[in-house]
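To begin, one chain is listed below as structure tokens, in the form predicted on its own.
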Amino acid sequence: MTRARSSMTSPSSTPEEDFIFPTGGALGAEVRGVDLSLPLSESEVATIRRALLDHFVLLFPGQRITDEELVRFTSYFGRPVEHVRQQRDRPVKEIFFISNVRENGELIGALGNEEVSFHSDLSYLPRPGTLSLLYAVEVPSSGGDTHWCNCSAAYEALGAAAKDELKGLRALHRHYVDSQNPLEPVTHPVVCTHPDSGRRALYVGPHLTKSIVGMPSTDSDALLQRLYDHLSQPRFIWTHSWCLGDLIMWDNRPTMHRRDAFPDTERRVMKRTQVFNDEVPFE
């Protein structure tokens, strides 16, 4: 049976008006009327790309898609690549599993069931992740919510003196598992400029940012904590409680995200894809 998809445009209104519904929070929008198991038209992709640039995080609820369809959708926005972290053999290499489920005593995915603090994906690499997509296959009855932070709005809310203080500063980013890190230390500007929008955003997070380059440790720790406290204000955060079939894509450059813990007695299975661009973060 073929599943129908409603058109994303109508004669009297724009796609943004009809199909992109902002969350009403600090960032994020829901995209309705799109079946991602079917190929998208150029106009649909353009609408989604524009919405992502405007809202940073997009939710596509109620999807039923295969691994190949998830990779196809990802490919509209760049080249899907295999995750840098090793994972057990799987038919579609571009899919990375986030899960606490064990099979034959072995975890089928990464991150388990514990809380994961705020971060921007793969910031410990010279060319970090640009876009990430996460598709909910199994979700627990409670916990596991994901929180996204609007790091661009947080930067814009800083006073002039605070912005001046951050000019030219770079931060060291490292994965907590040392073997995941490149041989050479990786640093990025504390404030980065989005290559498409020109908007600036804070680019530090407690999960992967270790220190401010060239600053005494006590001063570095104090500055980073001040930035984390600023970023974690509710006015910059949008939280999503996952449902089966939810697919969320987000831009890592103006955002960071964290996950709540959930009971290890319950299964959570998420499928992740990612896109890298060639540029390195710049101020």
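Note that residue numbering begins at 1 and tracks the sequence as displayed. Quick caveat: nothing in here was measured; it's all calculated off a predicted structure.
Not on display, but discussed next: the form predicted together with a small molecule.
Asks: Which one of 172, 162, 111, 81 is close to the small molecule in the predicted bound form, taking close to mean a heavy atom within 4.5 Å?
Replies: By the 4.5 Å heavy-atom cutoff, the listed residue in contact is 111.
Asks: Could you check which residue among 152, 100, 146, 123 gets a heavy atom within 4.5 Å of the small molecule in the predicted bound form?
Replies: Going through each option in turn, the one that passes is 146.
Asks: Non-hydrogen atoms within 4.5 angstroms of the small molecule in the predicted bound form: do 73, 247 and 271 all have one?
Replies: Spot residues vs the small molecule: no contact at all.
Asks: Residue 188 versus the small molecule, in the predicted bound form: is there a non-hydrogen atom within 4.5 Å?
Replies: Answer no; every heavy atom of residue 188 is more than 4.5 Å from the small molecule in the predicted bound form.
Asks: Are any of the heavy atoms in residue 242 no more than 4.5 Å from a heavy atom of the small molecule in the predicted bound form?
Replies: Residue-level check for residue 242: yes, a contact with the small molecule.
Asks: Taking the shortest heavy atom distance, is residue 119 within 4.5 Å of the small molecule in the predicted bound form?
Replies: Yes, residue 119 sits close enough to the small molecule in the predicted bound form that at least one of its heavy atoms falls within 4.5 Å.
Asks: Does residue 257 make contact with the small molecule in the predicted bound form, using a 4.5 Å heavy atom cut-off?
Replies: Yes, contact at 4.5 Å.
Asks: Can you check 180 to 188, 208 to 216, 194 to 202, 111 to 119 and let me know which stretch has heavy atoms within 4.5 Å of the small molecule in the predicted bound form?
Replies: Result of the contact check: 111 to 119.
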